[in-house]
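Just one chain is shown here, as C-alpha cells, and it is the form predicted alone.
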Amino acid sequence: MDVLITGIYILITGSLLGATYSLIAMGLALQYGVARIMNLANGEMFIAGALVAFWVVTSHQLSPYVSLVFVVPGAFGINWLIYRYLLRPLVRRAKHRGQLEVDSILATFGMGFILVGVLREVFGGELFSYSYLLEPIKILNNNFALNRVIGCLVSALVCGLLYLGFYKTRAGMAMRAVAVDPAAAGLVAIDVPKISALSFALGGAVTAAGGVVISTFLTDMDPSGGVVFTLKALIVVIMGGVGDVRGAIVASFILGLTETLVATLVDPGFILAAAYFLFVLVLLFRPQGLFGRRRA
C-alpha cells in the first residue's frame, strides 16, 4: 500500500511540475523550431515574468496572475523588437542554418547577461519569493499545495490554446510550414520573416507567462537563475523534437516525472544529473526526438 501511495504521489507531483515546464519549453520550441533561433536568453525572460509577478504581489497585494495582463503583451513586444533589430540581421546574412545557429547562440548568450544586469538594476540582486495559496488540497489521499494545482491548470489552458492555434489556424499552419522548410514556405506565398518574428515574439510571451506560473510555488529565485531554466527547456525541446509542440508537452511531463521520481526515491541533489542523463539517452537512441522524423 505504501508503494502504491508513493507511486500516486510521484505521478501527480511530476505531472504538476511537467505542466509548468511545458510553458518555457513551448516558448523555446517556437523560437528554435520555427524562427531557427537558439535563444540562450530564454531563461532570463522566464525570470523576468516571475519578477513582475513578485512585484505585483508584494507591492500591490494582488494575485500574481494579474501580472499576466502586463507580462504577456510586454514580453511579446520586447521579443518582437529583439528579433526585428538584433536577430533579423543575423538571419539575413547567414548563408546556411548552421551559421545562423552559431550566430544566434553567441548573440543571445551575450543578451542574457544584459538582461540579468537590467533585472538586477530594476529588482535588486536578492533572492525573491512570496506566499500564494499554500493551502493543502487532497488528491487521491495525498496532500498537494493548491498553488501547484492552479499552476498546472493555468499551464494546461495555455498549452491547449497554443496547440489549437498551432494546428487549427492558418497562422499555425504557416508556422508549421516554416518550421519544416522556410525556403519552400516562401514559395507558397508565406511571409517567412513575418512568421518567424511572430513565432519568436510568441515564444517569449509564453516563456514569461511560465515564469509567472512557476513563481507561485517555487521559492528563493534570483535574477541570475535563468540559465537553469534555459537548459531544462533545451532538454525538453530536443527530447520532444525540434519545432513540435506536441513533443514539447509530452517531454515536459517526462522531465517532471523523472525529476520527481529521483527527488523522492534517491536525492533531490541528483535532479539535474537525472535530467541530463535522460537527455543523453535521447541523443543516443532517438536524436530526432520523440515526435521528430529522421532526415532522409
Partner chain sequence: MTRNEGIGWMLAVAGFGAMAFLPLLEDADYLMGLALNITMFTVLATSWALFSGPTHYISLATAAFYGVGATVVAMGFEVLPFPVLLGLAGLAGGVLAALVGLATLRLSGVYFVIFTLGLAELIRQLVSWVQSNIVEVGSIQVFTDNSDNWIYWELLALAALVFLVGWLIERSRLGFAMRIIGNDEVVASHSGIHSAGSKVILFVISGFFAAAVGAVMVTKIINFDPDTFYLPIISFQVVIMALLGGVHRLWGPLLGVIPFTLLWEVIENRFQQPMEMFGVEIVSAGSLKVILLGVCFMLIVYYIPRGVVGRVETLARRLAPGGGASHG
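The shown structure was predicted, so the numbers you read here are calculated from the model rather than taken from an experiment. Residue numbers count along the first chain shown, from 1.
Another form, the form predicted together with its partner chain, is not on view; read the next lines as being about it.
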TL;DR on 157-165, 70-78, 119-127, 179-187: the one with heavy atoms within 4.5 Å of its partner chain in the model of the complex is 119-127
Looking at Leu51, Val250, Val57, Met38, which has any heavy atom no more than 4.5 Å from its partner chain in the model of the complex? Met38
Three-residue site Val102, Leu231 and Ile238 fully in contact with its partner chain in the model of the complex at 4.5 Å by heavy atom: yes
So in the model of the complex, is its partner chain close enough to Arg93 to count as touching (4.5 Å, heavy atoms)? yes
Taking heavy atoms and a 4.5 Å cut-off, does Met173 contact its partner chain in the model of the complex? no
Indicate whether its partner chain has at least one heavy atom within 4.5 Å of a heavy atom of Val227 in the model of the complex. yes
Contact with its partner chain in the model of the complex for Leu272, defined as at least one heavy atom pair within 4.5 Å: yes or no? yes
Within 83-115, which residues have a heavy atom closer than or equal to 4.5 Å from its partner chain in the model of the complex? Leu86, Leu87, Leu90, Arg93, Glu101, Val102, Asp103, Ile105, Leu106, Ala107, Phe109, Gly110, Met111, Phe113, Ile114
